[in-house]
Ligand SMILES: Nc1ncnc2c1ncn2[C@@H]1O[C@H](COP(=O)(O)OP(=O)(O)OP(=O)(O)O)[C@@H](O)[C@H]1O
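Taking the form predicted alone, here's one chain by itself in structure tokens.
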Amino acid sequence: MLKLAIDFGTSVTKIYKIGSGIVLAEATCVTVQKDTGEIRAFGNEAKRLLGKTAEQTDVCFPVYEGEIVSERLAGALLEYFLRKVVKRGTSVEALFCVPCGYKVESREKVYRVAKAAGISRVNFAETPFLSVLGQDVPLSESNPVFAIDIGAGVTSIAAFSLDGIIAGLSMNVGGSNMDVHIIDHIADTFSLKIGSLTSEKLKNTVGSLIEDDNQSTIINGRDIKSGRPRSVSVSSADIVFPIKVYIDKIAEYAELVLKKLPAEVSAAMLKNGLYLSGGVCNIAGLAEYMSNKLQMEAHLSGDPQMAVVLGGGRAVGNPALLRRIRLE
């Protein structure tokens, strides 16, 4: 039986195949014909059409803030992804990476979607465990660790050991919130209307929490007053507020989790530090910013966006480890 780890994310779906490593990273996106409901494009091809389609075509994201909002579209998209990485007729066991505290009803949706896509056996594990496994952090019963995974739609925060989660939570805050706020902020600051793709690109290229960072880039959009196309130069300082407001909220909730810990566990947290993962962690200076906020050393994965699915690959390939961390 072929074993996969699948991070079916709000923005990007990643798939790890035992024996091959990461074999897919594509947008969790489809385009749909309004009148017929027919799916016209999948993945990256669909996302490239965002903001550019005619009225009769919708660009849809079947996963929103970590929750499957359309089982039909999610199932069709997952089946499309699987066809790209699995030979037809192959029996598949998949480990799905899910947010901390993921509800039973939410897991049931993922289970139905996985079965509809042709997956034979389905397991679930929470992202905090997988994120540290993906960073090669050793897990044991006696050495608790603290992890924050900041994705596009969900942030998971947890203190845990191999025995389980000691304290943790998930919150519907992530990179997508920043993208929307950047759109509004650019409109207010420059009187320029930009789209979601431009906002995301702006965040990823000049987004920074480094004080006095002077990176800048040129973006194109529509002048709000005249309606004409216009270009402006945007610097890191111009978009620091819509980024910082959400990172500060994440830090606030991380402090709440830390305050719930027993004294001995708190001591271990201070010694071991904080492990960061998720695509948002690519923002320049984020690790240092969180370290200062929480007063502990912050460890950043070499490839933050892939840490969770890498950990999923490590878990699905180790039956004994998977039995310890999977959700029943």
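The shown structure was predicted, so the numbers you read here are calculated from the model rather than taken from an experiment. Position 1 is the first residue in the sequence shown; the rest follow in order.
Below, we refer to the form predicted in complex with the named molecule, which is not included among the displayed structures.
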- Query: If contact means any heavy atom within 4.5 Å, which of 231-239, 82-90, 105-113, 152-160 contacts the named molecule in the predicted complex?
  - Reply: 152-160
- So which of 283, 269, 276, 294 reaches within 4.5 angstroms of the named molecule in the predicted complex, heavy atom to heavy atom? 283
- Message: Residue-level question: is residue 17 within 4.5 Å of the named molecule in the predicted complex, judged on heavy atoms?
- Response: no
- Query: Is residue 313 close enough to touch the named molecule in the predicted complex, meaning at least one heavy atom pair within 4.5 Å?
  - Reply: no
- Is residue 135 close enough to touch the named molecule in the predicted complex, meaning at least one heavy atom pair within 4.5 Å? no
- Message: With a cut-off of 4.5 Å between heavy atoms, is residue 144 one of the residues that contacts the named molecule in the predicted complex?
- Response: no
- Could you list the residues in 1-28 that come within 4.5 Å of the named molecule in the predicted complex, counting only heavy atoms and keeping sequence order? 7, 9, 10, 11, 12, 14
